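Just the one chain here, the form predicted on its own, laid out as structure tokens.
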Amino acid sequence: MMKRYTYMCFIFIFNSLLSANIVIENAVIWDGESKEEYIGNIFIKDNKIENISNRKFQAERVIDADGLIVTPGLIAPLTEIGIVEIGALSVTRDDNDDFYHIGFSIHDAYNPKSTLIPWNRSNGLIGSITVPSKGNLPIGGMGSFYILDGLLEISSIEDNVMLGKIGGSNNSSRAMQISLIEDLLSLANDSKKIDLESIDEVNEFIDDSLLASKLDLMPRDIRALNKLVNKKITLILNVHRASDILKVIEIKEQYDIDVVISGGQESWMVANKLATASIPVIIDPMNNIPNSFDQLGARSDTAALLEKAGVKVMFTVPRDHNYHLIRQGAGNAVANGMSYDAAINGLSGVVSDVFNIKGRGKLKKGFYADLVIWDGDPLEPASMPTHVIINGEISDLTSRSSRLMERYTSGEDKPNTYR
């Protein structure tokens, strides 16, 4: 009985420390939007940042950063976290569907207990935009933003992005892809005239449209398209070729939708036009060679050229599941001419601005306390978090990988089969 009482007291004290008010002292702060770092103390009250200044604060928990860098928690803008566990194993995939098309949403398929969540969180990632795999139409399928706290009560922004693609390995002509995108957006504009809450009216709208009937669109698809043309959702278009990007700019202006380019290996050629059109770009700076006919203009300083033109830049990775390596890509972008502040802000604050993730992505008074204390330069792959705080609570940095390492590096007095 005494052992159980002691154990329960320990759990109570541990949980109290996790949720207590926290002060981080002597931090070198990159706040997610500034061009310079600054030294200060961060006061966290409840789950938000109460203050950042040079003054001393009192709190139940004080962490002396001792000159270490503190950044907002990283946010990956293009992932499969929570819906794909093992790509080659269909029973662990919730990323595609043959019934719904444009309106297919992965939101309710998200698994907060995926092993990828603690792995990426222990490497500084606190949020992700998780998207479905590409469907059979050039646009379609909706992704959502998630907080990677691993709790069953999921914190998310449901269906805030739609996926699309032009060019690449699709079997159809890119001319057909572009024409179909334009026709679908015209159909979406027409849907503004109907009552989307009336299933009869939506079904009648589909029956009256040759395109909608031909594509076997459902009411869910029409509602998703309507959200797109009403700027309630952002279209992430994977496109590399500069001439295709110019067409995307034209489509954005004609239909007045929010667009983000992903891929964009020839985006530097039209950087000034992207800046004028206010179209951000998600790039992988490690992928800088011409891997296809669409990427002949690939170069290593694309991020720097986009930044110089005034384009907002975010980062992605080609390595499934290791989305925390966006910071390695950002470091590579800096090595090829991008400014340090633009790279580090592109890992959090830019993502929250572009995708309207309110109260996150920056270290500011009133924002959620999502932050990372690093043991070195965050853009250096060998650096690791000493602390990850999400919603004002200190996260457990244990992952399956760390447990395996502990298992196989301890108990040397036992044979391997007994470890």
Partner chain sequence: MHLFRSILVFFLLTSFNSFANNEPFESTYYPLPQSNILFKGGNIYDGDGNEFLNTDVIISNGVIVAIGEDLPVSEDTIIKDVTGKWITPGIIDIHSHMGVYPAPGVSTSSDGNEATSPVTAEVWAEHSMWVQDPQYALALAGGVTTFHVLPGSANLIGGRGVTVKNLQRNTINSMKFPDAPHSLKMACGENPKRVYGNRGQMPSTRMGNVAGYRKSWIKAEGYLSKLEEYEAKSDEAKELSYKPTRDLELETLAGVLKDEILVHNHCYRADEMATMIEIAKEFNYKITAFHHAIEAYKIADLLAENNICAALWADWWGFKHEAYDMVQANIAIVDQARNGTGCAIVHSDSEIGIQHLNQEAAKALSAGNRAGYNISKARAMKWITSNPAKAAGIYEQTGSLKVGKNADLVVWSGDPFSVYTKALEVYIDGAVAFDKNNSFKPVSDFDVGIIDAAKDRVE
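Positions refer to the first chain, counted from 1. Only a predicted model underlies this, so the values are computations on that prediction, with no experimental measurement involved.
This protein has a second form, the form predicted together with the partner chain, left out of what is shown; the following refers to that one.
J.: Given that the partner chain is not shown alongside this chain, does Val91 nevertheless sit within 4.5 Å of it in the predicted bound form, heavy atom to heavy atom?
T.: Val91: no, not in contact with the partner chain in the predicted bound form.
J.: Taking any heavy atom pair closer than or equal to 4.5 Å as contact, tell me whether Ala59 reaches the partner chain in the predicted bound form.
T.: No, Ala59 is distant from the partner.
J.: Is the gap between Lys247 and the partner chain in the predicted bound form 4.5 Å or less for some heavy atom pair?
T.: Flag for Lys247 set to no.
J.: With the partner left out here, check for me: in the predicted bound form, does some heavy atom of Ile49 sit within 4.5 Å of the partner chain?
T.: No, Ile49 stays farther than 4.5 Å from the partner chain in the predicted bound form.
J.: Three residues, Ala109, Ile154 and Pro280; all within 4.5 Å of the partner chain in the predicted bound form via heavy atoms?
T.: Not one of the three qualifies.
J.: May I ask you to choose, among Asn287, Asn189, Ser209, Ser133, the residue with a heavy atom within 4.5 Å of the partner chain in the predicted bound form?
T.: Contact check passes for Asn287.
J.: Just give me the single entry in Val334, Val260, Leu163, Ile233 that has a non-hydrogen atom within 4.5 angstroms of the partner chain in the predicted bound form.
T.: The option sitting close enough to the partner is Val334.
J.: Just one of 336-344, 141-149, 181-189, 210-218 has residues with a heavy atom within 4.5 Å of the partner chain in the predicted bound form, so point it out.
T.: Only one stretch passes the 4.5 Å heavy-atom test: 336-344.
J.: Check each residue of 111-131 against the partner chain in the predicted bound form and list those with a heavy atom within 4.5 Å, in sequence order.
T.: Contacts from 111-131: Thr115, Leu116, Trp119, Asn123.
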